[in-house]
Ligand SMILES: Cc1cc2nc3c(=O)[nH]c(=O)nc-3n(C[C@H](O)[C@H](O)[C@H](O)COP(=O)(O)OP(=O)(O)OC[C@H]3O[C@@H](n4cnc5c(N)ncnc54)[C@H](O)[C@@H]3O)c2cc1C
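Encoded as structure tokens, the following chain is the form predicted on its own, with no partner shown.
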């Protein structure tokens, strides 16, 4: 562990590691502080939806080719339960090989760390960051490492710990929903199709994964708890009744779990010599799968700002304000887009149901508008 580094990244998850990789061959000395002691150990499999834009970033970082469990999303079907109207998005219409991909979070994390080990970046494991303070000309990161409190100074502290220990005031909104996750198989092959179906309880998504699907089912806490407790056969019957017949009957389910859904974001992600990115800065509803992709764009664009700035300007407020200004449209747009979808579609209002149906029909019949939505989902608000 170094007592001073040009850049200290708090958090060695995919976003923090991607930033470190993007800076590995820069003139800056980079140090990563990660709470985990064993970076090769993954507690459980977790599905992650990557946009095609995120694939481009991972290719530039040299890690995409290392991923083996990758399933393409070539087409997306969007509909609402109990009402008319639907929209289809196609990769071929956008001139892309895929709109997105379903990968395993643990495999991506491992691939990023394997690439990072081949660089000169220092990675300190078993480091629990207690505080990050900024002063005139530098920041100070206080971390507990092997039972001892250590002070690390830096020109720029990047908080990318997923919000676990940032200690920064956040704006939050409780959606009063839980996301139930599971792996399911169905009667019909997916052929690269993903489904987003809006219901009064919230959206339900099926993402192609291997030969089956990754399920994201939004429901109230009580409903999610009841679904978790059901025997497999009863759960599959409930899922079929809720989702419909588009993929035929569901035949198996595994790895059911759930977690609460909130919108959470930091109003002031920058301060002199400190910046917050990724989930530490903004946690979104999983509808439209924007959260991780937004964080990866944070990391990539921050790396570009760092590379372009003079050494004496690293971490100064004007440099960070330029970064924040460049990210404002993407971050605010993603928050607004996902929050609006949840508020408009998670209800049984007859008036809104009719309006939603007309909106989905209009989207299907207007290729320029459909193109705009697809590009926004793939590349962010500036796509």
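No experiment lies behind these values; they were computed from the predicted model shown. Residue numbers count along the first chain shown, from 1.
What follows is about the form predicted in complex with the ligand, which we do not show.
Heavy atoms within 4.5 Å of the ligand in the predicted bound form are found in one stretch of 193-201, 154-162, 169-177, 268-276, which is 154-162. The ligand is not drawn, but in the predicted bound form it has a heavy atom within 4.5 Å of residue 292. Put simply, residue 181 is close to the ligand in the predicted bound form: some heavy atom of it is within 4.5 Å. Not displayed here, the ligand is kept clear of residue 21 by more than 4.5 Å at the level of heavy atoms in the predicted bound form.
Under a 4.5 angstroms non-hydrogen atom cutoff, the ligand in the predicted bound form has residue 47 among its neighbouring residues. Only one of 324, 35, 28, 338 comes within 4.5 Å of the ligand in the predicted bound form through a heavy atom, and that residue is 35. Taken together, the three residues 10, 13 and 259 all come within 4.5 Å of the ligand in the predicted bound form, as judged by their closest heavy atom. Of all the residues from 122-145, those having a non-hydrogen atom no more than 4.5 Å from the ligand in the predicted bound form are 127, 128, 129.
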